[in-house]
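The structure tokens that follow cover one protein chain in two forms, given apart as structure 1 and structure 2.
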Structure 1
Amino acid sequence: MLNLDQLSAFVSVIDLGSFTAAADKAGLTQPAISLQVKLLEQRLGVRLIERVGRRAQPSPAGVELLLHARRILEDCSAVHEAMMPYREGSVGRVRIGSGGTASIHLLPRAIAAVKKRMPGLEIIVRIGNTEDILRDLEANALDLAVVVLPAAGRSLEVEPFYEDELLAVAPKGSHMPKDGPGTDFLKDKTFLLYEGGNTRRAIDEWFASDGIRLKPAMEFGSVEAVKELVAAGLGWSLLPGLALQRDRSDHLETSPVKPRLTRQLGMVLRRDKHLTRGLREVINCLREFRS
């Protein structure tokens, strides 16, 4: 029978290019690693590592073994993940990835609801741009993503669950058309935009459908920053309704635009994801927003 410690040692040596480095990483001494690799080589009857000069390189057989070994080791760590939900005592853990806006305004409410039902559940939220989040999701470093759609990915399943309207935002006292400002009305305003990925794209498309190309005065990575700047009278903006709920009506004038401009927030999971109870709860709580 093969031995996972030996496989792991072998992979580590190749990755780090040195027996000594692999030993340090594993918290062992160099002879231990040497022995592991040697035993593996004996068991397989093949030379796996070319000890040549100062560098350790895989032999042809070693290259082939690497492919298998990496997969096996990954599967083994996946086992721990898979057993997590069955564990007694630990209620579980849900790792959520999210874009900035949703994480500030939507997730806290959903998480609060989940926590009420499953107090022990550990919830981790990672903020990032859609691209990074989805990559981590595919790598199973995240359990669930909450992002602005569209979201692509062969192994991913997308469920839209919230339609967020983008609102025109102006300093208090600005003239705001009754039935909402259109592209014509807005095109000459000074614009401060949130430089989010899909949100920003939706805004550009909205203007572009009337043949207008927007040249924003400034772009910011933070919605809150844009809000403050608009409140200070520095210009107009188009911001997610979500971000405007904790009303700054004392300093801001807000209105839907014409035609209305919305963006879809969606939950994204790996298609083959095993649903733990915690994850199911989170999904259900997010669905509450669907109304």
Structure 2
Amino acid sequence: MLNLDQLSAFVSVIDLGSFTAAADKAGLTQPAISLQVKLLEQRLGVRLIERVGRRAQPSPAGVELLLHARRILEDCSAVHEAMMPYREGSVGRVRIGSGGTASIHLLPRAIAAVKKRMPGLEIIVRIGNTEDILRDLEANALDLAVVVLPAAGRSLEVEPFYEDELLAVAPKGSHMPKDGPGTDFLKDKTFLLYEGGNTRRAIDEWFASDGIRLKPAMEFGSVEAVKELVAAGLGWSLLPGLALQRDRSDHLETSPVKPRLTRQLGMVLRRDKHLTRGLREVINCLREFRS
């Protein structure tokens, strides 16, 4: 294999006309440059440089090599240039796993902020349930998870960053107590709920604290689906405030419940995960939503 330092020394000697000038440019001694060229000549088995007066010039073999050497060094320079954005962290890829609500109502704002800082960063979002997301995270198929807590795993590091209040939601025009509905008020309503997961578990535990076991009329795998069905007048629900910040307000009545009911969103990653610049920027932008 050819040695790039030897090729560079050879080209520099030819371009500058002397071993001393090439050594000064490289910040080396003249014997060090001479040795590089000598080793290259030994490797190729030909004489590469001849002295004409005081000037070093290429031999016929050196003229032939010079064409290839310049191209090789230019290609190597292009490689370094191509890798520089990755070394500096201005490009790269971050794979995020998240639930449906966060991926719709929280992640887009964070991703937009990251892209302003790092336009070349590729961000991939995978939507799924918490169990599947955490399994992929542990398998290093994802770089970061944004999920409803708790999230367990010996190899995982968890950072709570967003408290999301769950609100009572009813069709527009429904009677909603001014001081907020409690379990006694809500237990006889037709309820539409999200099925499974930590959010549903929090709701069930909230009712259970007053000895009520809620039996929803319908269950769905999407908070957005529940929201649309409530807006259509088919029942009541308890939904994350994050999903109720902007749309459908003209079709829904919302209110905090008493006692207050919240869920905690957290960022989860492997403890041994290397934090690239892109991943750090995503984490920092999510922290800006800390509540």
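Between two forms, the rigid core is defined as the largest C-alpha subset superposing within 1.5 Å. Keep in mind that this is a model prediction, so the values were computed, not measured. Here, a residue number simply tells you its place in the sequence of structure 1, counted from 1.
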- Item | Pair member which, unlike the other, is the form predicted together with another copy of the chain | 1
- Item | After fitting the core, residue 58 CA displacement of 2 Å or more between the two structures | yes
- Message: Please determine whether the C-alpha atom of residue 112 is displaced by 2 Å or more between the two structures following superposition on the rigid core.
- Response: no
- When the two forms are laid on each other by their rigid core, does residue 237 show a Cα shift of 2 Å or more between the two structures? no
- Message: Could you state, for a rigid core superposition, the Cα shift of residue 13 between the two structures in Å?
- Response: 52.8
